[in-house]
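Okay, so here's just one chain, in structure tokens, the form predicted on its own.
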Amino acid sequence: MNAKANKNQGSCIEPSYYQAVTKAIRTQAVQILKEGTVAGLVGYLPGRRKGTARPALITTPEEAEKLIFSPACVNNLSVYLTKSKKGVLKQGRIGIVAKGCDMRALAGLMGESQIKREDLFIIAVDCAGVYGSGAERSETVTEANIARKCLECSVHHPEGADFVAGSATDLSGLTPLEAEEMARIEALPQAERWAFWKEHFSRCIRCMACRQVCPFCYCEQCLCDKNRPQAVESSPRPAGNTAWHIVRAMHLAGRCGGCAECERVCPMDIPLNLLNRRMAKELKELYDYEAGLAPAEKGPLTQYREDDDQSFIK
């Protein structure tokens, strides 16, 4: 199974690759369900509309025969495995279909003791990319309609899984739009950078979709929902919006795996993944640390050592 995406926008990723990955996932899922290796599996089933996909928890080999993997499988399924989703975890060992970016989230959740590796059977996908926002679901994947995160993905060859579906995807040579946008914003004077984010935050309607879809926002009660005392204004006003997005970005610093689900579900088209990437860049520069590369590893902002630099304390 080979897939190649070239820089030429006319080139596309062969649909047959996704079909082959689907076949491999189904075969493995049927086997582990028949053998009783897992009690259930979180994967993708066809959506109601043609060309779409939806997350699903399946428990029988017959259901496993209906699993798919297509460019429409955009969701990060690790969000269903945190302790806040007790209904899934209590069923026993669980299988999960995971793209490379989703596996970074799984590694982070293991590090935060939300899940245990021995409780998972990971069917990883050597991912050739998924649809970007607004892409027509009947089209093949090209550089023109692939998700922006996929244009510069460094984890589409997953490691550490129990089974890998697909192989030899090649996403080299694509234009890194997010990196270019980050460079453009960082080159702006400070006042213009502030104006850029102020305009975006002003459009936020506080629907909290970014929080609900994030694997790392698993607190049963979010600090930002409390009103006694109130840490962040909850109504969609500029000051509260700015506070919320700064708190969110700081909360994910050193934890975000870069799945960009927050940006995908934002109805106001706020480029939230740029914030996540900027924080990740800070962590790399300050601590030489990248989130989600190793399971059970705590990030630099979630641990303390006596020899930590304390010069910032005045």
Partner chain sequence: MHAEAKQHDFEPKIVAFVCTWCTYAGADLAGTSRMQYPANVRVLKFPCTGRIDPVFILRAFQKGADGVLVSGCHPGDCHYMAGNFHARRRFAAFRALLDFVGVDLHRLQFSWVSAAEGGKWVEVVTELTERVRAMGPMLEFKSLEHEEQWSAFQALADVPGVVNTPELKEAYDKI
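Definition used throughout: the rigid core is the maximal C-alpha set that superposes within 1.5 Å between two forms. In this text, all values refer to a predicted model and were calculated from it rather than measured experimentally. Positions refer to the first chain, counted from 1.
Absent from the display: the form predicted together with its partner chain. The rest refers to it.
Answer range among 159 to 167, 91 to 99, 142 to 150, 233 to 241 for contact with its partner chain, defined in the model of the complex as heavy atoms within 4.5 Å: Flagged stretch: 233 to 241.
Contact of residue 110 with its partner chain in the model of the complex (heavy atom, 4.5 Å): Flag for residue 110 set to no.
4.5 Å heavy atom contact, residue 177 and its partner chain in the model of the complex: Outside the cut-off, so no.
Contact of residue 197 with its partner chain in the model of the complex (heavy atom, 4.5 Å): Although its partner chain is absent here, residue 197 would touch it in the model of the complex, with heavy atoms inside 4.5 Å.
Touches its partner chain in the model of the complex: residue 117 (any heavy atom, 4.5 Å): Because no heavy atom of residue 117 falls inside 4.5 Å of its partner chain in the model of the complex, the answer is no.
Listed residue (260, 38, 275, 64) with a non-hydrogen atom within 4.5 angstroms of its partner chain in the model of the complex: The option sitting close enough to the partner is 275.
Sequence-ordered list of residues in 268 to 287 near its partner chain in the model of the complex, where near means a heavy atom within 4.5 Å: 274, 275, 278, 279, 282, 283, 286, 287, in sequence order.
Residue 19: Cα shift of 2 Å or greater between the shown form and the other one (core-aligned): Where the cores coincide, residue 19 shows only a C-alpha shift between the shown form and the other one that is less than 2 Å.
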